[in-house]
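We begin with a single chain expressed as structure tokens, specifically the form predicted alone.
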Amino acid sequence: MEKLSSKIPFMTKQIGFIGLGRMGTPMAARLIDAGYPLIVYDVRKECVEALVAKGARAAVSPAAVASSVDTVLLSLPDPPIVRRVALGADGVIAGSKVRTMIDLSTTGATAAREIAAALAANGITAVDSPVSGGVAGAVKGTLAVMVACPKALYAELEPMLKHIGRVFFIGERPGMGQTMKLANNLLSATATAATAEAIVFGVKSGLDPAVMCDVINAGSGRNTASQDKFPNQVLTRQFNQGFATGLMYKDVRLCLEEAQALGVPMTVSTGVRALWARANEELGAGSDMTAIVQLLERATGVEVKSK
């Protein structure tokens, strides 16, 4: 182990990872594969056991993780959970050793700033570092990693973060990474919703959705939904892109809330939020994001699938 850990180009020999869901597990696994000794925690024992089988050590709480290492990474589903894990009585803030907390979650800039201020008062630096690229990107290590933290700290963290994706320095202020992530996910949500409307419109008129995707992808309407989500998930009726409707709705809602606080009009995005709100309510927060097309299928009496 000593020979392996001596090769690690990072300020610490051990790091903590909290949140072993569909995104967190593959990111943590990549760090283990890269030679980082990990201490992990999740409320689901089976998720912890899967990482322990790969060589990680288990901790009994976020505070226990933060009392064992000086750097802790979080990958959690929403702002309330991030706040609780970071600032709760048994949270990261209660750890005796931690000095840096890297949040890979999507919380919005306001929450990121509030959490960073609370941690700073206890001598802990918060690194605002949301990721984008879905489960496939987490598995392959091709995520976009959007980092906001002091520049000197970024230089220390970048070699480690490169194991989970392409790393971008967004700025030094907490919340800047969140703003970048929400802008990105707003565009992704808009492309998916608009492509659903366009394809259902064509199918209702008698067009072949597979041909439609081919034409769109050869023309000016090309986007991530037409290139990937519709050919691989909608037309095949698999609906298994790996990102939940509830999470996408949460990200769009957070983006518009931040925009409103800044006084930025979001006319198109308001309509996009309404469609995702319907999908969240009617299809369920746990449905795959690509299932949003089913709202329009039900309304029009058509089905978007390969012939």
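Treat the numbers as computed from the prediction; the structure is a model and nothing was measured. Residue positions are given as counts along the sequence shown, with the first one as 1.
What comes next is about the form predicted in complex with nicotinamide-adenine-dinucleotide, which is not displayed.
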{"property": "In the predicted bound form, the one of 34, 275, 247, 39 near nicotinamide-adenine-dinucleotide [non-hydrogen atom within 4.5 angstroms]", "result": "247"}
{"property": "nicotinamide-adenine-dinucleotide: the contacting residue among 179, 192, 105, 71 in the predicted bound form [heavy atom, 4.5 Å]", "result": "105"}
{"property": "Options 127 to 135, 92 to 100, 165 to 173, 207 to 215; stretch whose heavy atom lies within 4.5 Å of nicotinamide-adenine-dinucleotide in the predicted bound form", "result": "127 to 135"}
{"property": "Proximity of residue 77 to nicotinamide-adenine-dinucleotide in the predicted bound form, heavy atoms at 4.5 Å", "result": "yes"}
{"property": "Heavy atom of residue 23 within 4.5 Å of nicotinamide-adenine-dinucleotide in the predicted bound form", "result": "yes"}
{"property": "Non-hydrogen atom contact residue 85 with nicotinamide-adenine-dinucleotide in the predicted bound form at 4.5 angstroms", "result": "yes"}
{"property": "Distance check, residue 18 to nicotinamide-adenine-dinucleotide in the predicted bound form, heavy atom within 4.5 Å", "result": "yes"}
{"property": "Contacts with nicotinamide-adenine-dinucleotide in the predicted bound form, stretch 42 to 59 (heavy atom within 4.5 Å)", "result": "42, 43, 44, 47"}
